[in-house]
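Quick heads-up: it's one chain on its own, the form predicted on its own, in structure tokens.
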Amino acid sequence: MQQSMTEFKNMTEQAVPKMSARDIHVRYGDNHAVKGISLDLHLNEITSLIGPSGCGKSTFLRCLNRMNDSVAGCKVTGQILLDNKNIYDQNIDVVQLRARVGMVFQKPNPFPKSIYDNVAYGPRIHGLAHNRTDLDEIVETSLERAGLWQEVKDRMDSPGTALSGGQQQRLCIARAIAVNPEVILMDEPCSALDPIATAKVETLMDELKSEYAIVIVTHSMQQAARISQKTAFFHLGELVEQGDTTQIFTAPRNEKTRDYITGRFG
């Protein structure tokens, strides 16, 4: 009975979206970059956003934690709900929002600080640690979950920038998860990495999805097919098709999706 209740709870949590975008439009002056996107994002799932360069997928991704707020002339309309609360409400604390919806960028961007301080930065500013022991535990746990602890535990005072590219990206993932986010956004996280480092990051994403909703922008259709449960295909600022990854790649309903996946354009 207890197991059935747990299964029911998990199914219910998965049925209710963690985030929902409704009719999102993004304009940069006269450029209508994103046109009426509606998309649901769930816990325990990786959603891949695919499509040719300039199709609006990264612009849409940045709407999910209001990164576009800092872009001059950018106007976002529509509604994005996180646990049924509109993240564009004027009462929303954007700093807290970005702790709940973490971001990992295309190019690894560790702070010019030690490995330890890179991971400790967020917990410090958000007051998540009461003392040094708490902070040490958060740092170690985050690095462990990012698959990096064994590689760096003996050089925590070394600069994060001295790590290899793949290690730097996993450090940035550790930094993102150190503040207990609920959603992780990744914008082409493997595009600057070699195949071995890419495989490590993909394995990490697969492990992390058990705790988070993950959204990844990727140019690699092979990557989307390997790691994601849901896929959304963007073209010219519009969301052409979305669905289970297997269905999108094996039986796309839209001709544009089929043409992109089969390499006829893009």
Partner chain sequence: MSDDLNIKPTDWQSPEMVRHTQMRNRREKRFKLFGLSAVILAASFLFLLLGKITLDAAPGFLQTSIEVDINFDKAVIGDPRQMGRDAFIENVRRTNMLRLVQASMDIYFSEVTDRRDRRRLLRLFSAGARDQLRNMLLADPMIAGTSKRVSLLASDDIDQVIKGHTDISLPELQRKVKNKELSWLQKFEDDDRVSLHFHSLFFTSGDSRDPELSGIWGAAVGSALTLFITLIIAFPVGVLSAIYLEEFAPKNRFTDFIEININNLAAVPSIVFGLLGLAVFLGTMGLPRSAPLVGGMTLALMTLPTIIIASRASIKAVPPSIRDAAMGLGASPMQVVFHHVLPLAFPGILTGTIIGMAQALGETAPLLMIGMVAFIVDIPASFTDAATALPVQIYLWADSPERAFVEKTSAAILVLLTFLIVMNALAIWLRQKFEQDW
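The shown structure was predicted, so the numbers you read here are calculated from the model rather than taken from an experiment. Positions refer to the first chain, counted from 1.
Below, we turn to the form predicted in complex with the partner chain, even though it does not appear here.
Of the candidate stretches 59 to 67, 236 to 244, 41 to 49, 202 to 210, only 59 to 67 contains residues with a heavy atom within 4.5 Å of the partner chain in the predicted complex.
Checking Y88, Y116, F105, W149 against the partner chain in the predicted complex, a heavy atom within 4.5 Å turns up for just one residue: F105. Although the partner is absent here, S191 is not a contact residue: none of its heavy atoms lies within 4.5 angstroms of the partner chain in the predicted complex. By the criterion of a heavy atom within 4.5 Å, P112 is counted among the residues contacting the partner chain in the predicted complex. The partner chain is not drawn, but in the predicted complex it has no heavy atom within 4.5 Å of K75. Not displayed here, the partner chain is kept clear of R170 by more than 4.5 Å at the level of heavy atoms in the predicted complex.
If you take 88 to 108 and check each residue for a heavy atom within 4.5 Å of the partner chain in the predicted complex, you get V95, R98, A99, V101, G102, M103, F105, in sequence order.
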